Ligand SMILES: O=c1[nH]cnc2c1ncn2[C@@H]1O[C@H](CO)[C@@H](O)[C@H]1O
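We begin with a single chain expressed as structure tokens, specifically the form predicted on its own.
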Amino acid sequence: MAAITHSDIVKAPKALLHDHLDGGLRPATILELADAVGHRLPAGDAEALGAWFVASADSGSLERYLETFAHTVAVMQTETGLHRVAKECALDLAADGVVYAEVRYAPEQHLERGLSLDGVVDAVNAGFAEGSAEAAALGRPIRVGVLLTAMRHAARSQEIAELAVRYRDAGVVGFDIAGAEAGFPPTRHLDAFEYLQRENFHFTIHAGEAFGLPSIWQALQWCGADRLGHGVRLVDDITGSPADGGAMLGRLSAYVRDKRIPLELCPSSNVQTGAAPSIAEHPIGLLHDLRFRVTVNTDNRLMSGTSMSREMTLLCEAFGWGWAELRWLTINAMKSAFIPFDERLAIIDEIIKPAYAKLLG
């Protein structure tokens, strides 16, 4: 069978659970918005600026990686800027064959020019609606669900959780916390997580990217996360592999697998931040072989110079995967989405399964 190419994968339907709005801007848009608000950038043309973001993020440090967001967040402080970025996000994901996406951002980071939290959410929602409508008109329908993120080093998680619940019937499907893990455990935000549980609302937590097993354990057993944002360091609780004659799962990794807790793995980003040594050595291969609820995601398309199709292409090249594995990853993601069950099932049965049935022959 001929190898699957990137252009082949672009045409296949994909589901994305972990994508940051402020990590996926078009470089040309950053230049235009920066000029409008008077923000100084490290490069003056789109190609050079895009290269700067990838090079700066490619440091092996999560903290250094996160510093690149100063420039994207700076141009997302107005209603016009937020609307445009969200609209282009929907269009770019749809052009890459993504049929369902959950895109996250932190409203508290977009208040520097006078917007309210509700104003931020309204602007982003309007942008996603317009972008999705344009994508559908172009024959690339996409559904975008929003995750509102609280910053783990700040003290507004309860406020953001209440904001998310307030918009639960207007496009917001879940809650998240993000930012540097070390020194900022998710248990600092227990009030927010307990509130979300009382409201029957979904949430994921960035965990197991930079800080390891304690971060994962706290996210699940103290906070009650539905999914793990990254969770790549779960392999620290696994010894051996099926290829070596067997793998031994520790108590935590066994619990995650038994409970079918979804892992929002982001291969290229994980390599950039030092959470994985390379794509070929990324734990996603082992976690797939052990049948964890694995999903593949982009994290930050600008900083990683990536897309869903590129991530899948890299995995096919590294692990010899084909359409069967890509179908499995895509259905895993849809099963794990934060929209209602019947809506997830409709996308799986009406879009994903028929398309992959043709690809599988």
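Here the structure is a predicted model, which means the values were calculated and not measured. Counting begins at 1, following the sequence as shown.
A second form of this protein, the form predicted together with this ligand, is not displayed here; the remarks below concern that form.
Of the heavy atoms in Tyr65, some are within 4.5 Å of this ligand in the predicted bound form. Taking non-hydrogen atoms only, Glu311 never approaches this ligand to within 4.5 angstroms in the predicted bound form. Residue contact with this ligand in the predicted bound form: Asn297 places no heavy atom within 4.5 Å of it.
With a 4.5 Å cutoff on heavy atoms, Gly274 does not count as touching this ligand in the predicted bound form; it lies far away. Within 4.5 Å of this ligand in the predicted bound form, a heavy atom is found for all three of His20, His206 and Ser269. Listed residues Met151, Leu252, Leu286, Val165 were compared with this ligand in the predicted bound form; Met151 is the one with a heavy atom within 4.5 Å. Gly179 is the sole member of Pro141, Gly119, Gly179, Pro214 with a non-hydrogen atom lying within 4.5 angstroms of this ligand in the predicted bound form. With this ligand omitted here, the record of contacts in the predicted bound form names 57-65 of 322-330, 38-46, 289-297, 57-65, defined by a heavy atom within 4.5 Å. Taking a 4.5 Å heavy atom cutoff to this ligand in the predicted bound form, the contacting residues in 99-135 are Arg104, Tyr105, Ala106, Gln109.
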